[in-house]
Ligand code: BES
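Only one chain is shown below, in structure tokens, and it's the form predicted alone.
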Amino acid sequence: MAPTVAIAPTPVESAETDLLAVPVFTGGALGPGGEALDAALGGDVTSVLAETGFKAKAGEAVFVPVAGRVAAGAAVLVGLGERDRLDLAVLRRAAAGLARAARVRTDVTTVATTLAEVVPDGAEKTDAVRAVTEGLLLGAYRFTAYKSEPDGSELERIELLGRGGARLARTVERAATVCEAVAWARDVVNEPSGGKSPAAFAEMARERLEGRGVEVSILDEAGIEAERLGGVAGVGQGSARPPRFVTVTYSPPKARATLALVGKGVVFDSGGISIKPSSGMETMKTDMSGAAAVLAAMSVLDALDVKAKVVAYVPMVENMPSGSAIRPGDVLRIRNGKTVEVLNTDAEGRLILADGLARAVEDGADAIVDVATLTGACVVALGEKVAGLMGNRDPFVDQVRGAAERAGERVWHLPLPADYKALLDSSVADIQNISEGRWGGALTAGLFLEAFVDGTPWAHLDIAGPARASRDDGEHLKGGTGFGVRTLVELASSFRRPAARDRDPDRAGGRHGS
């Protein structure tokens, strides 16, 4: 159960809470509430800073003895780094650091903090409240389903000390709603693949979406064959656990635009016949992170009163080697009729996404975003914290990038050079699923997907890096991160139908290439 968050106009010395937190900047400058706490503790805050050499890096924390001199059971100083470098990302990171500091103590179930009273230059109070709420809730997340005795405490209530109002209360409520969706995405990503067959994952999605203002349709293997979803059927045929194809429709009254979301749902990726080494499989239970992000985002659109129509297409498969698995050299026919020569069965995500993209085009989407843990090449290029962003129309790519920036998720726009398309030429089919040569794998994967959008404004998010964290870092904890949920919700909330000139395939250009 996620902790509740509320704004309370309580002085720091009077806050009745298990843990009281005030911010401090590099150099020892105290943030809001710091001087009042220092006075109540007889100068002990200043003494702790001097004696411990606390650097106050963003997210660092140090405890201060209270000995009954304030209403709180304990107090902690939370670092914000250098004041002139403060931004919302730093604030979110500091709040997550506070959540982790609270978790270390077994006696902490309530936290009160003045962190949200720190507003970076150029930001508004609502921005600060949102960032702190997100940092605390995401930093407090834990996956304990398989722990016999979970360590540390479980936060139940968080108070943001300071002046409130209806607008800030709505900001907290919205942030908490989105973070709860991120937590669900993390839960299903962290779930071991043994309990997450395509059928089980589809049922998890149905349960999550029930009563949330959306319609859910699930195709089984027979339905997938009947609908000519050749990529999904082909990848799924190697597993004893058959594939599913989930469609989720959110259709508010008077919607004037339709956004399509496509999420890669590979519940486990062995590589198929082109089998991975054992070390390459260790994190492959998370290869459905794109699907989890899309489904989580769909689950909160009604609660957030999103005005656009949003339709999600989520293919779910398990990629396994067997006597029935597709082989290198086989040819699959995708929903839109295009044929694909499969040269590497470990490049399977793009095969199932192709069916989802083709369905989105066929259903008349105004714009499409696909989200996928697609290529190791993107991790090589951008590391584990930044997603690759590609697309065929700069104005729509800018919409997606703007949504990511507002959501606090890092993306980087990569090109789709038109002359690289020749690397996907097949001698026996319309296209092959991997490129010739070793280089530019993230880009050629994007170009492969572009071949199935038929000129519809489209953006591709390769989240292979940030979908999972190798250690606790900021608001992300080791394991599935739920990356993409906040961006998709923000995009859906602000979605603008691309102008007609930006939908014309003959007028592509800009950073897309020549």
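As the structure is a computational prediction, the values presented were derived from the model and not from experiment. One-based numbering along the sequence shown.
Only in words, not in the display: the form predicted in complex with this ligand, which the text now covers.
*asked:* Would you classify residue 464 as touching this ligand in the predicted complex, given a 4.5 Å non-hydrogen atom cut-off?
replied: Residue-level check for residue 464: yes, a contact with this ligand.
*With heavy atoms only and a cut-off of 4.5 Å, decide whether residue 348 touches this ligand in the predicted complex.*
Residue 348: contacts this ligand in the predicted complex.
*Find out whether any non-hydrogen atom of residue 392 is located within 4.5 angstroms of this ligand in the predicted complex, and reply yes or no.*
Heavy-atom contact with this ligand at 4.5 Å: absent for residue 392.
*Do residue 269 and this ligand come within 4.5 Å of each other in the predicted complex, heavy atoms counted?*
Close contact exists here: in the predicted complex, residue 269 approaches this ligand to within 4.5 Å, heavy atoms only.
*Tell me, please, which stretch of 249 to 257, 118 to 126, 370 to 378, 302 to 310 lies within 4.5 angstroms of this ligand in the predicted complex when heavy atoms are compared?*
That would be 370 to 378.
*Non-hydrogen atom within 4.5 angstroms of this ligand in the predicted complex for each of 264, 276 and 287*: So, yes: the whole triplet contacts this ligand.
*this ligand isn't shown here, but in the predicted complex which of 382, 407, 76, 434 has a heavy atom within 4.5 Å of it?*
Of 382, 407, 76, 434, the residue with a heavy atom within 4.5 Å of this ligand in the predicted complex is 434.
*Check each of 217, 339, 426, 344 and return the one that places a heavy atom within 4.5 angstroms of this ligand in the predicted complex.*
Going through each option in turn, the one that passes is 344.
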